[in-house]
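Take a look at this single chain, the form predicted alone, given in structure tokens.
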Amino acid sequence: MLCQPSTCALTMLAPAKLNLFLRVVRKRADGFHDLETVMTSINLFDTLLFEPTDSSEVTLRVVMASSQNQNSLPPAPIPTDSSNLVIRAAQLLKEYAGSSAGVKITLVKRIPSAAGMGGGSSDAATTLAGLNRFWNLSRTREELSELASQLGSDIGFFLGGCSTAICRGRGELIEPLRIPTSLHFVVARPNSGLSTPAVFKQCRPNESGASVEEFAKSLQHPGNCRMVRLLLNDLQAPAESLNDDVKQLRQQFNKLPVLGHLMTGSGTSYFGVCASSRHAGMMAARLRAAGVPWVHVARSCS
């Protein structure tokens, strides 16, 4: 995450992520699933602005950024009450620190919701880190990570200070990875979304599946030829069974000369690995011409 402080406000950027590898290992006694996944953050950001207030209240305003994707429908309204992870993260940190401070938060949304790109989790992580600084709380990363684990599975990754990592368990066990070059992607999303719990309900865990360590090693080789052969998402088949739009995206990507392609997270976003930013731009133009509602050219964050 990136921050831009001023004398009276703090602006921070919350990145989206892609899952390059996702294996569902087993279902846990608490109802959640143990995962092995490799996530990388990309240069698609929500913006959070933290401003002072005379009250002790935490308030949230959401602004939908204008989109260049002319085929997409207007996004669904995003709640600004305690059902939003930004509010929940702010209130949890405030209670933990015993603070009476308030804040006005403005969230500018660019990351699609219900898309498997971690927008809500990234916003929550950025809220924890941002308010820790904005309120001068001096809480450690370990303390913030413990709070993050109470809010959601992917939040710890965005707090970790690394752009690419192996994440295990519910996502809270994080092993940073260094990759030698940026990865280039074209990312697409249909107008429809998916419920993460519904997708996991349809998934069948695989305790003896592909090795996340082998995939991580493949990221060290320039050219990505080995990496793209090892792309994996155990949630893609159940997502396709629940949403025909995901299946249609896979079929469209099958026709594109990308290096490899995969659904991210629990869907519905889908990405293709490209050789360069120019290659990604050409693939994006084809997808837009084919009527795909939302298309974005991205690269992994350094």
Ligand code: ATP
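Note that the coordinates shown come from a computational prediction; the quantities given were computed from them, not determined experimentally. A residue's number is simply how far along the shown sequence it sits, counting from 1.
This next part talks about the form predicted together with the named molecule, which is not shown.
- The named molecule is not shown here, but in the model of the complex it comes within 4.5 Å of a heavy atom of Lys109.
- The closest heavy atom approach of Gly161 to the named molecule in the model of the complex falls outside 4.5 Å.
- Proximity of Gly171 to the named molecule in the model of the complex falls outside the 4.5 Å heavy atom cutoff.
- In the model of the complex, Ile78 approaches the named molecule with a heavy atom inside 4.5 Å.
- With the partner removed from view, the residue among Ala114, Val187, Val199, Leu232 that has a non-hydrogen atom within 4.5 Å of the named molecule in the model of the complex turns out to be Ala114.
- When the named molecule is considered in the model of the complex, only one residue from Ser100, Ser83, Gln220, Asn136 comes within 4.5 Å through any heavy atom, namely Ser83.
- Of the candidate stretches 118-126, 176-184, 136-144, 89-97, only 118-126 contains residues with a heavy atom within 4.5 Å of the named molecule in the model of the complex.
- Along 266-297, residues Ser266, Gly267 each place a heavy atom within 4.5 Å of the named molecule in the model of the complex.
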